[in-house]
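In the form predicted alone, a lone chain appears below as structure tokens.
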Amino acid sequence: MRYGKGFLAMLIFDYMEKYDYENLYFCQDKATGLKAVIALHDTTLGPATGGCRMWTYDREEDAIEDALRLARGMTYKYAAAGVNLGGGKAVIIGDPKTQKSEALFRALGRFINILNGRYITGEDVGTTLEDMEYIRMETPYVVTLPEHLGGAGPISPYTAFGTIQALKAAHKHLFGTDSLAGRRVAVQGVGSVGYHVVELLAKEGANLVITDIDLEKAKAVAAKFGAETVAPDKIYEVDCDIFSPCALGAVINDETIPLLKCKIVAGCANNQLKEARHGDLLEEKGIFYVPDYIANAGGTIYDTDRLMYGQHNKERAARNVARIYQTMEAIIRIAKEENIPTYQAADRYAERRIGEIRKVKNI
């Protein structure tokens, strides 16, 4: 199988070998309209775990790319966060506003069940706790569930909380204090997580500029928290201390980096760097980058507490999310000691843990 320009110009197996993926599954059910991809990256630490995303991809290869990149990101996220799970992701091709149904999610649940625990799914962009309940009707391998089913409930506030912890650690490194009072922050995206990022930044006393492709939502959030709004394509040009990407990925790229007027990039979006070299370009420009999978690990840490300990405990889970501050400090130390950009330091931090546990499992 070979595609045209871009990501899948190479053979899929070549790409999987390059980044050492384990499995890639295609799921199709004509009766329900399900077209889905499940990618498993690395299960050294535990079962591949990651959310189920539903999105209107322009091309099938875009969905495959998203599933693969997100699965690998989850491997690194869990490893760096000290969670004993591997990286996986499910992607449904479809419009979450018009094409959802109970049958569609239950069909996906049956496919997930066939994997017999190698993949555990959860909520992600375009899916909800209700969707997870439908999947749960067909398989026990669902982590994100409402509290009445033994789950953690909504996790987006904890993803946002973790993002703020990572940002504070970076801010302290640069400015000697983790107080964000008076700092001007440009937030891109005020969806389920971005909204809570804005809320927490407002409590910190930050001055906010926000945007969202849903202009009415942006106006409502701005009115609630006293923020300014700009058009979506103007957010990169905002003169600010911190740029916080909280929408979709690949927003740090050749076109946007020259526009940035900030000291720190720290947000909750996945895969913010379009390519690894864009982390180098940020470094060259003197912009401190908080690696995305460090900043946005809070929700997964909180959500998977019951997988680690058998039963969800809110206080314990929240304490573990707060440790993202210390994780970011450790990554800053590696970057300084080894004279490398922070995105590379985060990768090394995660890879060292995976390598150590692999050795343990070989005993």
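Numbers for residues come from their place in the sequence shown, where the first is 1. Note that this is a predicted model, so its numbers are computed, not measured.
The discussion below concerns the form predicted together with another copy of the chain, not included here.
Comparing 114-122, 225-233, 149-157, 285-293 against another copy of the chain in the predicted complex, the single stretch with non-hydrogen atoms within 4.5 angstroms of it is 114-122. Every residue of the trio 13, 21 and 26 has some heavy atom no more than 4.5 Å from another copy of the chain in the predicted complex. When you look in the predicted complex, the only residue of 70, 37, 54, 331 with a non-hydrogen atom within 4.5 Å of another copy of the chain is 37. Comment: another copy of the chain is not present in this chain, but in the predicted complex one of 257, 250, 93, 262 has a heavy atom within 4.5 Å of it, namely 93. Looking at residue 351, you'd find every heavy atom of it more than 4.5 angstroms from another copy of the chain in the predicted complex. Among residues of the shown chain, residue 338 is not one whose heavy atoms approach another copy of the chain to within 4.5 Å in the predicted complex.
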